[in-house]
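Consider the single chain below, provided in structure tokens and representing the form predicted alone.
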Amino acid sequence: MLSHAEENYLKAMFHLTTMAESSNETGTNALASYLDVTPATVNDMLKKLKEKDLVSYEKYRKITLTQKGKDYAVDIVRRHRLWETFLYEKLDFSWDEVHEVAEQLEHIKSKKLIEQLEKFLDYPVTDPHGDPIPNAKGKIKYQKRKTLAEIPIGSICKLVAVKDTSASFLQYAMKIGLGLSSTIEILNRHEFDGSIEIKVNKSRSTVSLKFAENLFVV
């Protein structure tokens, strides 16, 4: 049985290696920054996870999840995203409210509960932020997508997911009229700072490069 902290570390490693795309490893400093803890704290936890054969790790080297660790991480992500979907679809939570509550609910380990939750939701494939939900066998179906920052001027695209799920980011997105499936037209890009002029539902906005890099579109 894993502790909540151990589960959080495995989930964080899964997210970091998934975001890296070209690599299945991450570093101690990246993990510390992601979890907002010190590298020393990370090293202590990694020793525990290594003893349980959940990570492959040597001090000052990159960290990878073992197959056992990846299986655990995917299961945690599955629980989290199903709970987010339940909160959003059935309890009228907004997409900026679900993450924090799902962080608590994801640690409930009843397999039957998660199976029944998935059935009750009619087997959803994505969560309220557009992220794929692993199925019962741990398979994840990823969609080919680009960030808004990569889309050329004059193009029209559709928002399918967000990289940043923080409440402040999602609230800002809603403020300028964005939600999943929103149609976005790229009007202009400013060379000076990379900011982008967009049109959403006939409303024009200028967003930062950082903001654009956190929106996934097709």
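A quick note: this is a predicted structure, and the numbers were derived from the prediction, not measured. Numbers for residues come from their place in the sequence shown, where the first is 1. Note that the rigid core is defined as the largest set of C-alphas that superpose within 1.5 Å between two forms.
In what follows, reference is made to the form predicted together with the DNA, a form of this protein that is not presented.
Engineer: For the chain shown here without its partner, which stretch in 58-66, 176-184, 151-159, 189-197 has non-hydrogen atoms within 4.5 angstroms of the DNA in the model of the complex?
Structural biologist: In the other structure, the partner sits against 58-66.
Engineer: Answer with yes or no whether Met45 is in contact with the DNA in the model of the complex, where contact means some heavy atom within 4.5 Å.
Structural biologist: Close contact exists here: in the model of the complex, Met45 approaches the DNA to within 4.5 Å, heavy atoms only.
Engineer: Even though the partner isn't displayed, in the model of the complex is Ala167 close enough to the DNA, meaning a heavy atom within 4.5 Å?
Structural biologist: Flag for Ala167 set to no.
Engineer: Give a yes or no for Val218: in the model of the complex, does one of its heavy atoms lie within 4.5 Å of a heavy atom belonging to the DNA?
Structural biologist: Answer no; every heavy atom of Val218 is more than 4.5 Å from the DNA in the model of the complex.
Engineer: When the contact criterion is heavy atoms within 4.5 Å, does Thr38 count as touching the DNA in the model of the complex?
Structural biologist: Output for Thr38 is yes: heavy atoms within 4.5 Å of the DNA.
Engineer: Has each of Ala5, Tyr9 and Thr28 got a heavy atom lying within 4.5 angstroms of the DNA in the model of the complex?
Structural biologist: Verified in the model of the complex; spot residues all in contact, yes.
Engineer: For Asn29, is the C-alpha shift between this form and the one not shown 2 Å or more after core superposition?
Structural biologist: After core superposition, the C-alpha of Asn29 moves 2 Å or more between this form and the one not shown.
Engineer: I want to check Lys68: does it shift between this form and the one not shown by 2 Å or more at the Cα, with the core superposed?
Structural biologist: False for Lys68: its C-alpha shift is below 2 Å.
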